[in-house]
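Next up: just one chain, as structure tokens, the form predicted alone.
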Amino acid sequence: MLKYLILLMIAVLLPLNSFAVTPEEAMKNAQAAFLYQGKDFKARVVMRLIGKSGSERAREITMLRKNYGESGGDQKYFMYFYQPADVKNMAFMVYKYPGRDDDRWLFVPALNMVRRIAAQDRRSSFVGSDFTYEDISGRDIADDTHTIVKEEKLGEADCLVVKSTPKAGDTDYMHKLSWIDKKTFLPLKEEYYDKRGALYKVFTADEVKEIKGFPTVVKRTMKNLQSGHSTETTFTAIDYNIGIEDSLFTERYLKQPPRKWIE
């Protein structure tokens, strides 16, 4: 009888302790796999903005990223826009500081002006897409409370499903669910739920390739279920550990970046 009671207690308690990682560790691993691989990173990016009616607009960008310190630490991003004409030669730069607000700058060639982007604008649309400024460089893990809600298969991948709830009311969603591949730790899907608890936005990692030994999401989509608008993003000419110079990440080069880094 005693043995039966012990087994019953283990069966009841096991689901609470059956995961190999804590929810915070799962999210840190996902952030490292998605945003911090390599010492630096470069890619050509095409964003297709697709309206509810099927109409399309495109953005073509060169994206560069450099890590400083350990995974999960400071980063710098530089993005240069090639097309369409209304954003040609525009440049965007981020200094990412986990634990405090990031610094963001945008060079607007039509005005020949570098503009600081306020911290509260981080949830604004990134150049008309369904991605926000915060989606591009990532959200601080400490800003949310995380819980592993289940394990689930997504396609061929075994995933942990993590629920993240913002600690402050600084987002346009109440919580999100992330499907994290247990093998690569890449986030393969994210669902965003609005303040009423309704699903309104979905991120999917549509294609993953291994580049220089790093599993890399080379195609991703963000869909807004309420507006019917979506953004498909494809990464090509991807490279890691190319020795990006610190001097690139300056206001001076927002206006006229070195050709060797943006071509």
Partner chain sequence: MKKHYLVEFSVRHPKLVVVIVALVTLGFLTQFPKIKTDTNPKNMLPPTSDVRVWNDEVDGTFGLYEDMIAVGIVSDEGVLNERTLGKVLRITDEVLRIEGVSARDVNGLSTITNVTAEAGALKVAPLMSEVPKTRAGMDDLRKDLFENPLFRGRVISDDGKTTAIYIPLEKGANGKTVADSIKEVVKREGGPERYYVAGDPVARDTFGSEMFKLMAVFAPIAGAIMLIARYLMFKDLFLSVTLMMDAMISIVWSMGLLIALGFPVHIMSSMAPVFLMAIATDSIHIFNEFYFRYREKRDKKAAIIETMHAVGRPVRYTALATAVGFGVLLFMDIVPVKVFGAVVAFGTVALRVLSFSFIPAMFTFVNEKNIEKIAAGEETSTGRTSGFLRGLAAIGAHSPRATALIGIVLFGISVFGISRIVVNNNMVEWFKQDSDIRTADSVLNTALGGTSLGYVVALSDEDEYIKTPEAMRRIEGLQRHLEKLPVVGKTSSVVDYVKRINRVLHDDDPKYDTVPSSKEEIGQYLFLFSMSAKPSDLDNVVDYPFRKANIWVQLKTWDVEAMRSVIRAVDEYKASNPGALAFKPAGIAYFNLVWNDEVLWDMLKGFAVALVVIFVILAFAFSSAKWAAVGYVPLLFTILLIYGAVGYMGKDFDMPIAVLSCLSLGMAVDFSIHFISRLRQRLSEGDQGGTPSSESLTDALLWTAARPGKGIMRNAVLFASAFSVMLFAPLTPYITVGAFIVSMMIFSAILTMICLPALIVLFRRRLFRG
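Just so we're on the same page, rigid core means the largest C-alpha set that superposes within 1.5 Å between forms. Positions refer to the first chain, counted from 1. Not measured: the values here are computed from a predicted model.
Keep in mind that the form predicted together with the partner chain is missing from the display, and what follows is about it.
Enquirer: Among 35 to 43, 234 to 242, 56 to 64, 210 to 218, which stretch has residues whose heavy atoms lie within 4.5 Å of the partner chain in the predicted complex?
Expert: Flagged stretch: 56 to 64.
Enquirer: Looking at the partner chain in the predicted complex, is some heavy atom of each of 21, 202 and 223 within 4.5 Å of it?
Expert: Contact check failed for every one of 21, 202 and 223.
Enquirer: Within 4.5 Å, heavy atoms only: does residue 138 come near the partner chain in the predicted complex?
Expert: Because no heavy atom of residue 138 falls inside 4.5 Å of the partner chain in the predicted complex, the answer is no.
Enquirer: Taking the partner chain as it sits in the predicted complex, is residue 158 in contact with it (heavy atom to heavy atom, 4.5 Å or less)?
Expert: Residue 158: no contact with the partner chain in the predicted complex.
Enquirer: I'd like to check something about residue 84: if you look in the predicted complex, is any of its heavy atoms closer than or equal to 4.5 Å to a heavy atom of the partner chain?
Expert: Residue 84: contacts the partner chain in the predicted complex.
Enquirer: Taking the partner chain as it sits in the predicted complex, is residue 153 in contact with it (heavy atom to heavy atom, 4.5 Å or less)?
Expert: So residue 153 does not count as contacting the partner chain.
Enquirer: Find the only residue in 126, 179, 185, 192 having a heavy atom within 4.5 Å of the partner chain in the predicted complex.
Expert: Partner contact (heavy atom, 4.5 Å) among the options: 126.
Enquirer: Taking heavy atoms and a 4.5 Å limit, what residues of 89 to 105 are near the partner chain in the predicted complex?
Expert: The stretch 89 to 105, when checked against the partner chain in the predicted complex, contributes 90, 92 at the 4.5 Å heavy-atom cut-off.
Enquirer: Is residue 246 one of the residues whose C-alpha moves 2 Å or more between the shown form and the other one after the core fit?
Expert: Residue 246 C-alpha, core-superposed: shift of less than 2 Å.
Enquirer: Following rigid core alignment, is the displacement of the residue 149 C-alpha between the shown form and the other one equal to or greater than 2 angstroms?
Expert: Shift of 2 Å or more: no.
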